[in-house]
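Form predicted on its own, single chain, as structure tokens, below.
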Amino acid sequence: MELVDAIEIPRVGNVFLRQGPRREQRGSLILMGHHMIFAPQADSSNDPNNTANKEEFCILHRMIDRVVSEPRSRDPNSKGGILTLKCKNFMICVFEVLELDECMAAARTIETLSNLNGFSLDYPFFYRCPFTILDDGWRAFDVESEFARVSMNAPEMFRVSEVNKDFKVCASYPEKVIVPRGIGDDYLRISATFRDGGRFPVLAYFHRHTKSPIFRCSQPLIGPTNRRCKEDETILNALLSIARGIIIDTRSKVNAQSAKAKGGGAETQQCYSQWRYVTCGTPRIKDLHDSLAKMVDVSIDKSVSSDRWLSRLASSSWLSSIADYLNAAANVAQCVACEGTQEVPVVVHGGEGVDSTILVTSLAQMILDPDARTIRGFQSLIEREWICGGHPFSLRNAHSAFAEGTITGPYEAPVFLAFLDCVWQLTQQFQHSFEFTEGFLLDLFEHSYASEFGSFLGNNEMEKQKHQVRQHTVSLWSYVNNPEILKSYVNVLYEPNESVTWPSVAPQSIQVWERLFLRWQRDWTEVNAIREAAVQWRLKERQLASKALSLRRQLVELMKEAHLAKTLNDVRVAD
């Protein structure tokens, strides 16, 4: 299929923008293979002094979540239609079109182009990078480099295994993984048959202070027959040294028990006697999807009263879901850093091991590891845990809050967005401990749903390799690490903090991420101006502090010279 074949009408003229990222104005809609462009008329703006209103804007078709077209009036004799585009970043654009037929044709075109099967025709494969790539983002994470870093603190504990060469053992794992040193590949293969989706235990993080590792995997396939796997038990026991290990299940006890009836389950005390099993219940992906839909629904409702806002906010359960994830991650971090002894291995899993498992292990690293709170470290964490770790971005992010796919509907969930919200909560509680800004998190949110870069394409590394994503697209990190772009993501308040950033999960500590959910409902001009002024004052403060330090050094040197001169003068007088 050629994209041009899906375009029923390439241009719709004399369109009135009733709602969107610009003020009300007339213009034209241009429909292209990957973008929809709104080009305002030269004299259409109601505010001639605002040049931003006169600029065109474009939306990737993949960013559009739902398309609604309807007649402008119920009167059968009236002409015209209303075209409503609800986007995955929660922006809503409403256009008035003079001819209903043109409105319907534009709607069908956008509907088709925003819901293409697969991703081989997506924009990243056609994007031509306008900047010079100084730092190849596809190398943001390398298993061998990570292994070398871990080996500096644990030289005899782990090894790099290529058991998954050509993705023969696990489709959602990369070809190289870090595993316990004393475990052979044959044991890993057998363990994979005992774990959901073949996701046997692999290293997620090693805490150098306590020598405690965090491993992640999927649920064991125990089933109603109480199946066991001695090879899997051996792998987990190989992690033990001087203390009992801890298995943290990100499902509730009820969900874990119901999974057993379907062939899954949890580790039994009889077979894993040296491990303590703990449940830290987090939302199921379906519940999380519904929660986001309710949260966005109340956020875009401009007529809601204060009491209704609070009740609908609570009923959405979005903030309580964020608190659950933070609580689970804090429990993992506590087992690693505060269990009272060193070398306490922690194994984290949920069901399939590609959603809440990855979220919790990633968030635990944000709490424990100061390097993960830097821009580069955060990139490496996302690349390692989410992209290489097998989070199915194409399935989970096929739709956002306004729609569900016919085929992908049961698999859609804003898991990565929930992770970003959790990180944002941490940045609000520890504003000086994170090198990146809120804007960086918002850009990651948008790029994970629709992007000109290939980082979030596909569901795993196997799909990326099959479609040669790394060879034919540009990594998002190549853009982020460009010096001109990178400086816009740097938090000027950042001060490296080696301490553990323990989050508060009390209800009064969990906030609504206003820049995310209320981004298109508020005028942020004044807030942006205040923030920019604060940034400039912070930079000025640093310049003055640097200048003061330089002057102090000069003063010390002058005092030394004066003291030396006085000493020489005293010697001459004495002679």
Partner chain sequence: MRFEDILTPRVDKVQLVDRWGAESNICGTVHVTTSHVIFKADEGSREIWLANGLIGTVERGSLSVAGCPLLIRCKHFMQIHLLINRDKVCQELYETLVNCSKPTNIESVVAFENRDQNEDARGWKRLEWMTEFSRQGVSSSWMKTDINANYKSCDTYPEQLWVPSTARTPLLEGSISFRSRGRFPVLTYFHRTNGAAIARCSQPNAGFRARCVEDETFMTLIGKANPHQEIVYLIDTRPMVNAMVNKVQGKGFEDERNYANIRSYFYDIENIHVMRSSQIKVVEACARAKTMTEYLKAIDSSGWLKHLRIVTECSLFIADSIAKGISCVIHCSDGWDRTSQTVSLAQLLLDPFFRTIHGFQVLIEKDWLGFGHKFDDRCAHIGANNEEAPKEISPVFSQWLDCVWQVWRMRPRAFQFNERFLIELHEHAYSCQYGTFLGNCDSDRKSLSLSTRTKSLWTHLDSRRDDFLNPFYEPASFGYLLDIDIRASSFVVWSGLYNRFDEGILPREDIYNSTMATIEHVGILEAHVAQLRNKLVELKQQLGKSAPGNASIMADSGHGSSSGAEGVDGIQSPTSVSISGFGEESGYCEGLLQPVALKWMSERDATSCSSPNCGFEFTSRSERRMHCYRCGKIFCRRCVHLTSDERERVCNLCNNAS
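Bear in mind the structure is a predicted one, so any value in this text is a computation, not a measurement. By rigid core we mean the largest C-alpha set that fits within 1.5 Å across both forms. Positions refer to the first chain, counted from 1.
Heads up, the form predicted together with the partner chain isn't pictured, but that's what we're talking about next.
**Q** Between the options 448, 114, 161, 433, which residue brings a heavy atom to within 4.5 Å of the partner chain in the predicted bound form?
**A** When the partner chain is considered in the predicted bound form, the option within 4.5 Å is 433.
**Q** Of these, 538, 35, 26, 515, which has a heavy atom no more than 4.5 Å from the partner chain in the predicted bound form?
**A** Comparing distances to the partner chain in the predicted bound form, the residue within 4.5 Å is 538.
**Q** Does the partner chain come within 4.5 Å of any heavy atom of residue 269 in the predicted bound form?
**A** Close contact is absent here: in the predicted bound form, residue 269 is far from the partner chain, nothing within 4.5 Å, heavy atoms only.
**Q** When the contact criterion is heavy atoms within 4.5 Å, does residue 154 count as touching the partner chain in the predicted bound form?
**A** So residue 154 does not count as contacting the partner chain.
**Q** How about residue 494 - does it come within 4.5 Å of the partner chain in the predicted bound form, if we only consider non-hydrogen atoms?
**A** Residue-level check for residue 494: yes, a contact with the partner chain.
**Q** Does any heavy atom of residue 319 come within 4.5 Å of a heavy atom of the partner chain in the predicted bound form?
**A** Residue 319 belongs to the contact set for the partner chain.
**Q** Pick from 253-261, 348-356, 297-305, 103-111: which stretch has non-hydrogen atoms within 4.5 Å of the partner chain in the predicted bound form?
**A** In the other structure, the partner sits against 297-305.
**Q** Is every one of 73, 90 and 133 within 4.5 Å of the partner chain in the predicted bound form, counting heavy atoms?
**A** The answer is no; none of 73, 90 and 133 reaches the partner chain.
**Q** Of 555-571, which residues get within 4.5 Å of the partner chain in the predicted bound form if you count heavy atoms?
**A** Heavy-atom contacts to the partner chain in the predicted bound form: 555, 556, 558, 559, 561, 562, 565.
**Q** Core-aligned, does residue 531 move its Cα 2 Å or more between this form and the one not shown?
**A** After core superposition, the displacement of the residue 531 C-alpha between this form and the one not shown reaches the 2 Å mark, so yes.
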